[in-house]
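Consider the single chain below, provided in C-alpha cells and representing the form predicted on its own.
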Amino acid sequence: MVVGVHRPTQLVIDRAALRHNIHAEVERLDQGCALFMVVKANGYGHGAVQVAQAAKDAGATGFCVAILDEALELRAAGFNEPILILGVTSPADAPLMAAEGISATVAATDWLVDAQHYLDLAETLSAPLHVHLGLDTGMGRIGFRTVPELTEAIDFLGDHAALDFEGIFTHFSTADSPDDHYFKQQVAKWHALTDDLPVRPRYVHVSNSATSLWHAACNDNMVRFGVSGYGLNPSGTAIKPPYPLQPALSLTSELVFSKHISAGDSVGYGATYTASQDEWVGTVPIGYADGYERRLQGFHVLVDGQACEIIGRVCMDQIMVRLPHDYSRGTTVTLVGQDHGAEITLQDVADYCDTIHYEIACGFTGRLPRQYRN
C-alpha cells in the first residue's frame, strides 16, 4: 500500500514515551529477569523496527513477534538480540529459523519430529534451532496440555542436538481482570505441568504486560512486555497500573475544506445526518481505508481544543465534522492525542467502537505515514 506522505494525516510516535514505559518496567523486574518487547503486528501499529530500537535503548534484551516474517524484518534491520516467534510456524522453516537464530514456539511433539527431518536435510547447520515449548494452561489456543505430552517433547529435544530446549512458557487469559479466580487456576495448572521438569531451560516465562504489572511474583526470569510498552493499560480502565503509562501514539490531520450549510442540508453517504440549524462543516482527509473505523460516526475530533462531532458516515478517505465556527484550511485536527488541554485517547476511541485499544492501534493501515519524534 502506498504511504500518504503528500497528505496532512499522520501517526506521530513518541520514542520518549516508549522508552519511559519500557524502562519503568525494567526497573521493577527482579535481578536476572529479562524483558522481551513484543513488536508483533508492526509494533502494534507503531512501527516494529522503530519500537524495537527504542525498547533496546530502554533495556529490553530480546523481542517477541507473531510470525516468521516479522522476525526476519528485525534481523534485516540489524537486531541480533534473541527473537521468539509466539505463533506456530511451519516445520519446513526450521533450517531458516536456525540459521537466523530465531526461536520457535512448539505446541506438539510431531512438530519437533517434522522439524528434525528438515534440519537433517539441510546442507549445513551452523547452530541448533532454539525451541520454546508452549503450554496451554487455560488460554485454549496452542500448547501442551498434559505432563506425558510435555515429557515426550522434552525427551525428544534431549535426544537431538539440532534442537535446543531454550524456553518454556504459558499465557494467562485473565491477568488484566480484577477477578483473579481463573488466573489462579491457570497458575495452578502451570505448576502442575512444570514443577517436576526433568530439565529447566534458559527462559521460563508466563508474564505478558498484565501479569508483570499486577502479578509480578509469577515473572520467573523473563517477561513478554506488550501493550503497556506502548503506554496503553491492558485492563482498559479496570485496574490502575503501578506507574504512569505514557501513550506513544497520536493521530493528527488538518482541515482541507470548510463550508457553511443551512438547516435541512444533509451530509455524507445515505444522508444519515441532516442539519437542524445553520452550521459550519469541515472535511478531514482520513477514512476507513486508513483504519479510522466507519463506526466512529457520532464520535468527535479536536479542533483548537474543542470537541467537534463527526457528522455523516465515515467515508473511505474523508470525514466531515461540525465546527463551532469557520476555521481556515490547514487548521490542525487531533483524532488521537492532546490539543490545547483536551485529549482523545485510544481507549476513548475503543470505548466508542465497543472494542479494545489493541484493535484500534493495530488497525491503522500502511497508508498512514508514521512520524517519529524524540
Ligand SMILES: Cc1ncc(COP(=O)(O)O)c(C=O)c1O
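Here the structure is a predicted model, which is why all the values come from computation and not from measurement. The numbering used is simple: start at 1 and walk along the sequence shown.
Note that the form predicted together with this ligand isn't included here; everything after this is about it.
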Checklist outcome for this item: Answer key: of Gly226, Gly231, Gly134, Gly282, within 4.5 Å of this ligand in the model of the complex (heavy atoms) is Gly226
Item to check | Single option in Ser253, Ser209, Ser250, Gln186 placed near this ligand in the model of the complex, where near means a heavy atom within 4.5 Å | outcome: Ser209
Checklist entry - Do Lys40 and this ligand come within 4.5 Å of each other in the model of the complex, heavy atoms counted? => result yes
Checklist entry - With the partner left out of view, is Tyr358 within 4.5 angstroms of this ligand in the model of the complex by any non-hydrogen atom? => result yes
Item to check | His171, heavy atom within 4.5 angstroms of this ligand in the model of the complex | outcome: yes
Next on the checklist: in the model of the complex, is there a heavy atom of this ligand that lies within 4.5 Å of any heavy atom of Tyr44, even though the partner is absent here?
Outcome noted: yes
Item to check | Residue stretch of 108-116, 236-244, 155-163, 218-226 approaching this ligand in the model of the complex, non-hydrogen atom distance within 4.5 Å | outcome: 218-226
Next on the checklist: Do any residues of 79-108 have a non-hydrogen atom within 4.5 angstroms of this ligand in the model of the complex? If so, which ones, in sequence order?
Outcome noted: Leu86
